[in-house]
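Heads up, the chain below is alone and in the form predicted alone; it's given as C-alpha cells.
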C-alpha cells in the first residue's frame, strides 16, 4: 500500500482549489476506471479528491430545449429518469446498457466523459446530440471536447459540472458490445437535429476515439431511413484492430449498427 491524502470537498469551488494547490492530484468520480488503475499501481497520486459529497453535481432537469445532467449522476439514474426517457429516450437506452448493474449504479456521466475511453458510450451521445460540456470554468462544445484517446480539452484545474443535451427531433443508439466488458466494439449514435442536420457518431472503433461519419450524415439528410445507409462505407484504415475485432470487421459493424440506430430512432 502507498500513502496518499484523501480529500472530500463539499463544493466545486473547494475541489477546484485543491486541484490548483495540490501536487500529483487525481479526481475521483464513480471510480470505475481510477480505482482499478490505483489497484494495479498504474497511477499513484499523492492526493485524491473525491467529488461524491458535492450535491450540486447530481441531478437531471429539463431546461427549455435541453436536458441538463449533473456530472456526478449515475448511469442507472440516467437510464431510469422519466425526464430523459420522455425527452431523449435514446440517451436513457444508452445508459441502460453501460457495463453491468454494479457499474451503472456507481459510474457517473462526468467521470465517463472526462476519462474518454475510446470504447465508452457517452462520448457518442455527446457528439451525436451536439452536447455542451459545462465545467467549473467554461462551456465546451462536444466536438471540441474529445481530443484523442483518453484525452479531452479539460485543463488540469477544470472540473466537469454538467452536461447539456439539446433535444433532437429523433435519435437512436445501437452497439455491438464486448461480451465480457460490455464496452462497445462498435457503437453508433444517430440524431436528427433539424431538417438539414443529422449527426452520426461512432465509438469503439476509431484510432483516435469517437468520431463522426459525414458520408452517413449526408445520406440521412436526404432521407432518414436505414436503406439510405446501404453502400455507405467507412474506411477501415482509420479504425482499430485488436484481439477483439479487426478493422475490416469494425468497418462492417459500423454500417450495421448505424442502420439499427436509425431503426431505433424511427420507433
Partner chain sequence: MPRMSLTVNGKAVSADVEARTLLVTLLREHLKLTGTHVGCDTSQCGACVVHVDGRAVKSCTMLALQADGARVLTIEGLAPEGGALHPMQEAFRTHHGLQCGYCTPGMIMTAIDLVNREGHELDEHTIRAGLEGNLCRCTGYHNIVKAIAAGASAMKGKRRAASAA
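Note that the structure is a prediction, hence the values are computed from the model and not measured. Residue numbers count along the first chain shown, from 1.
What follows is about the form predicted in complex with its partner chain, which we do not show.
K.L.:
Is every one of 141, 152 and 154 in contact with its partner chain in the predicted bound form, taking contact as a heavy atom within 4.5 Å?
P.N.:
Result no, not one residue of the spot touches its partner chain.
K.L.:
Mind telling me which stretch in 233-241, 220-228, 195-203, 48-56 gets its heavy atoms within 4.5 Å of its partner chain in the predicted bound form?
P.N.:
Correct option: 48-56.
K.L.:
Please check if residue 169 has a heavy atom lying within 4.5 Å of any heavy atom of its partner chain in the predicted bound form.
P.N.:
No, residue 169 is distant from the partner.
K.L.:
Even though the partner isn't displayed, in the predicted bound form is residue 215 close enough to its partner chain, meaning a heavy atom within 4.5 Å?
P.N.:
Residue 215 lies outside the contact set for its partner chain.
K.L.:
Within a 4.5 Å heavy atom cut-off, is residue 99 in contact with its partner chain in the predicted bound form?
P.N.:
Within the cut-off, so yes.
K.L.:
Answer with yes or no whether residue 106 is in contact with its partner chain in the predicted bound form, where contact means some heavy atom within 4.5 Å.
P.N.:
Answer yes; at least one heavy atom of residue 106 falls within 4.5 Å of its partner chain in the predicted bound form.
K.L.:
Within 22-50, which residues come within 4.5 Å of its partner chain in the predicted bound form, counting heavy atoms only?
P.N.:
In sequence order, 28, 29, 30, 31, 32, 35, 36, 39, 48, 50 come within 4.5 Å of the partner.
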